[in-house]
Structure formats: C-alpha cells, structure tokens
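There is one chain below, alone, in structure tokens, taken in the form predicted on its own.
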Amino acid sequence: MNRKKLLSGVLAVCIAAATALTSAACAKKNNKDSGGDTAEVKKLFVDLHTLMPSASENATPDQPHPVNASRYIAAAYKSLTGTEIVWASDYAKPTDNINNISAWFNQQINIKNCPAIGFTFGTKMQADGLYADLGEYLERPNPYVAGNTRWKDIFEDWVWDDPAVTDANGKIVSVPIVLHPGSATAIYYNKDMFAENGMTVPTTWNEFIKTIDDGKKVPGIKYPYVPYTGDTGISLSSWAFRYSLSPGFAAHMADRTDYDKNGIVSTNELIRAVLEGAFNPNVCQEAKALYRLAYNYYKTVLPGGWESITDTTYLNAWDEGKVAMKNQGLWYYTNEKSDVIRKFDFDLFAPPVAQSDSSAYASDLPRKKLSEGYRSQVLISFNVMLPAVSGNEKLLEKAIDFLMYLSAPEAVTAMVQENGAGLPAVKGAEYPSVYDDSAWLDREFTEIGISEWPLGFIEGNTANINAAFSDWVFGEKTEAEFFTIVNREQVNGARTMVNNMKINTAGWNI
C-alpha cells in the first residue's frame, strides 16, 4: 500500500471517528452521568502510553509518523463534556520499560500529580495497590456505544482471563484497548537471501537455530540473526525468553499449575505454584531445561558482543543485505515498507517457539489462524490509578466515563489504524489496513497464552534474577548458584504479592 495514501486514510479515520463519537453521544451531553455530577471536572490527567498525541500534529524529522487519533478524540470529548484531557507526555512520561514507568509514577504520586488513567503494562504494579477495581463499572451500559447494556460486552470475551487485565485476586484492574497482532513480535527476514540459498522459514525453535547456523555458512552474511535491539542486555525478561523459549515449558507444567483446570494458568496460580516449590529449578526439570536453553541462546546463538552493537550498525547491515533475520515489533512494519535504501525484498514470520524437539520438558503448542479462533494477548490496556482518584468520586467517575468514550469502536479503530501495531480489543472495531499488505493476519500463530513463566513477580526480585542469570552466562556464577538465587527471588516475590495483596492462601500447600 502507498504510504501517503495510508497516512491520509488514517487521518480520515481519526477525524471520522471523532465526529461519529460526538454525534453518537450528543444525547448524553445533558445526562447526569456525564455532564451533570462530573461537570465540574474540567481537566483529566491521562496517560495513554504510545497512543498519546505527538508533540506536532504534522510529520517532522524527529517524529515522521505523528500520533493524532487521541488528539482528535480528546478534542471531541471536550466538545461534548467540557472536560479537557491533559496528557502525561507533557510531564515526560517514559514509555520504554516498566522500571522507568514505575519510577515515574512513584515520582508523580509523591508530588500528588498522578494521572487518573495510566499505562503500567497491564498489572505490573499491582502489588503496590495502585489500581481501582473496575468490575462494577464494566457492568454499566456504555452510553457511547449504541444499544449497549453492559460495557464489558463490547470487548472480546477472552481478554478477561489475560494477566494484563486481571490481578492476582481475580479483580479486573485494566481496560484493554489493543491486542497483539497474532504473535507479539515478528522475525523480519531477507526474502531474496533465503530463496537464493535454499533457506526455509522455521516454525520451531530447533528449526530456527538450524536456520541461523545455515546463515553462518552463507558468504556475505554478517549477522545471521539480530535480536530485538530494545533488549540491550542478557535477561530473562527479553522477548526471546518470553515469547519463544518459555511458553512450551510453562505449558508442559500446566497439569500441575492450572489448579482450577480452566485451561489458563492465572497469576494467582503461578504464585501458589512458586510457593509450593513447583518452579524450583533444583527439583523442577522444566525449569532446569528452560534455563539451560536460555543460557545456550545467549552463550552460543547470538553474535559475539551483540549487546554493544548499536541500532545504526544493525540497520546499516540490514540495508546492505548482510543480515538474514532480525526480531522487531509489528509496529515497525510501516517503517520497513518505506525503507528506500534496502534493495532486497523482505517478509516476516512469527517467532518460533521451543517445543518437544528442543526438550522433553516442553509441550508442542497448537498453531491457529485468527480466523480459526486464535486468541491474541492484550498489548495495551489502561488502569484507573487510585492515588489520583481516591476520595474524589467525581474524578473517578470522569475517568470511567473517558475510558468508556475511548473504548467505543470508532475511537479504537482510529487509534489502532494509526498505531499499526496491534488488533482492536473491542468488537466491531477495524484492524490496521497495513496488515493486508503482508497477509500477516492470514498466518498461523503458536498459542502461547496457556501460561506465563514466572520470574520475580516484583520488579526488584525480577531484576535480581536477571542479574544472576547474566552473571551465570558471563561465568561469574555457577549454574547451581543461579538456581539457588532464582528460587529465592521467586519465593520472596511471591510472598510479597501474597502479603501486599492479601491473597487468600487457604488450601495451599505452603
């Protein structure tokens, strides 16, 4: 698709969405629920992560793809309700990782300037007690959606089981807006190079490693594989561990960790399993095999010194045809399509997952197309932040009202079309048209949502695990020392979750 046409089309969608939202909800302007007892809330402080408007409405060298959908949606909301949306980006809200986001929120809380609506990677800060329970509000009608009698019904049904939406006590604490577009990430590859050298697209981790090894034998290939450049260090929080290495091992344990036998292992069940010793690598064969596979990935698969190679070096090598494969988000697809320096054809495939051909302790996971019922995990969801709304019922109601407005199909279509990185979490909203170029949504994706692999639950504990893992890879700690540390930090993090969130442990074997 022509990029100019795509951008102009998205702009039209944004403006049309704002117009449609205003028209659909104009009857609500004098309704007590919106314009009455919350009318005096003249400003609402909001953090929408990467969906917040860019500094400029027009493309600039520093911002070639401006974000405007939320700008127009906020303007329409102000016209309708009189409430101005104040963006967290005006207060230097980071968007890169949970550690920086957590630090920013703590700073804003300390100076009593916390956003009423926030993005915290779903439920990552749940142990801090910062989230409002949204369950009762989701039972209300959404007045911005014609004919709706229960707000919860406009969303895809499966999102309420996602750990990014529901906390360890089973409370819904975030409103999903964007889902992963099938797989969470993609492997971009040099299609011409693959064809010229008889290389095939891998579907399992072992096949992927073989493809990398084959690439090492091809003259002119400098990097057979480049990991996601946002993963700048050796870490079990990396994309490779989360989306490729661990899902098959977590699924292999599900017969022991899915205590309620509903087919999905919740955060609560992971905490229980850790405290009952199920994930202790000193006795758990799945954990032992998984960590060894991750060790091998960093020790032998990645190119030497990969963590110090700059983005520019990798990008230049890719454009020069010296990279066979690279891991990147789907949001990068439009950038890749508009790359005029690259002279070869590219394509992309879903990251392969380690399964039974990698280890007897990893399960073979089913692969499905979206049309066959594949359930994408939540990518972007928003919390109502208790430090901002506690003791202020009108502000709380206004935050709920804006989230209702924001989750109307027209608004979600505009944001998702413009963002181009995911699928709508709302029924009736449209997916990004850019995916039609690659037939991406017609592909099969590995179902990895059965269970996550637990790390430390609390960011500090996870950081200690990652530091110990890095030391193991660099030879500064033994495998046995790492196993001891990871078990200790998992248990300590799980205990903190239980204590801070007052989780009921009756019936647990701890």
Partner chain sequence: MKDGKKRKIQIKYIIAAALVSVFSLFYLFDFLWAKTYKVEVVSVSDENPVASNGERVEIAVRVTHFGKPANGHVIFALPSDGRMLAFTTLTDENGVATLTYIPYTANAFLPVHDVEIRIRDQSNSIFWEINAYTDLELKMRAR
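Residue numbers count along the first chain shown, from 1. Being a predicted model, the structure only gives us computed values, none of them experimental. Just so we're on the same page, rigid core means the largest C-alpha set that superposes within 1.5 Å between forms.
Keep in mind that the form predicted together with its partner chain is not shown, yet the notes after this line are about it.
Engineer: For this chain shown on its own, do I98, D319 and A350 all sit within 4.5 Å of its partner chain in the model of the complex, going by heavy atoms?
Structural biologist: Not a single residue of the candidate spot has a heavy atom within 4.5 Å of its partner chain in the model of the complex.
Engineer: Of the listed stretches (68 to 76, 275 to 283, 291 to 299, 236 to 244), which one has a non-hydrogen atom within 4.5 Å of its partner chain in the model of the complex?
Structural biologist: Result of the contact check: 68 to 76.
Engineer: Does its partner chain come within 4.5 Å of any heavy atom of R375 in the model of the complex?
Structural biologist: R375: no contact with its partner chain in the model of the complex.
Engineer: Wondering, does I111 line up within 4.5 Å of its partner chain in the model of the complex on heavy atoms?
Structural biologist: Output for I111 is no: heavy atoms all beyond 4.5 Å of its partner chain.
Engineer: With the partner left out of view, is M325 within 4.5 angstroms of its partner chain in the model of the complex by any non-hydrogen atom?
Structural biologist: No, M325 stays farther than 4.5 Å from its partner chain in the model of the complex.
Engineer: When the contact criterion is heavy atoms within 4.5 Å, does D167 count as touching its partner chain in the model of the complex?
Structural biologist: So D167 does not count as contacting its partner chain.
Engineer: With its partner chain left out of view, choose which of Y333, W151, W205, Y131 has a non-hydrogen atom within 4.5 angstroms of it in the model of the complex.
Structural biologist: It is Y333 that has a heavy atom within 4.5 Å of the partner.
Engineer: Would you kindly say which of T313, T232, S338, Q107 lies with a heavy atom within 4.5 Å of its partner chain in the model of the complex?
Structural biologist: The residue from T313, T232, S338, Q107 that makes the contact is S338.
Engineer: Output the sequence-ordered list of residues from 88 to 104 with at least one heavy atom within 4.5 Å of its partner chain in the model of the complex.
Structural biologist: If the 4.5 Å heavy-atom criterion is applied to its partner chain in the model of the complex, 88 to 104 yields nothing.
Engineer: Return yes or no for G475: a CA shift of at least 2 Å between this form and the one not shown, with the rigid core superposed?
Structural biologist: G475 C-alpha, core-superposed: shift of less than 2 Å.
Engineer: Taking the rigid core as reference, does T60 move its C-alpha 2 Å or further between this form and the one not shown?
Structural biologist: The answer is yes, as the C-alpha of T60 shifts between this form and the one not shown by 2 Å or more after core alignment.
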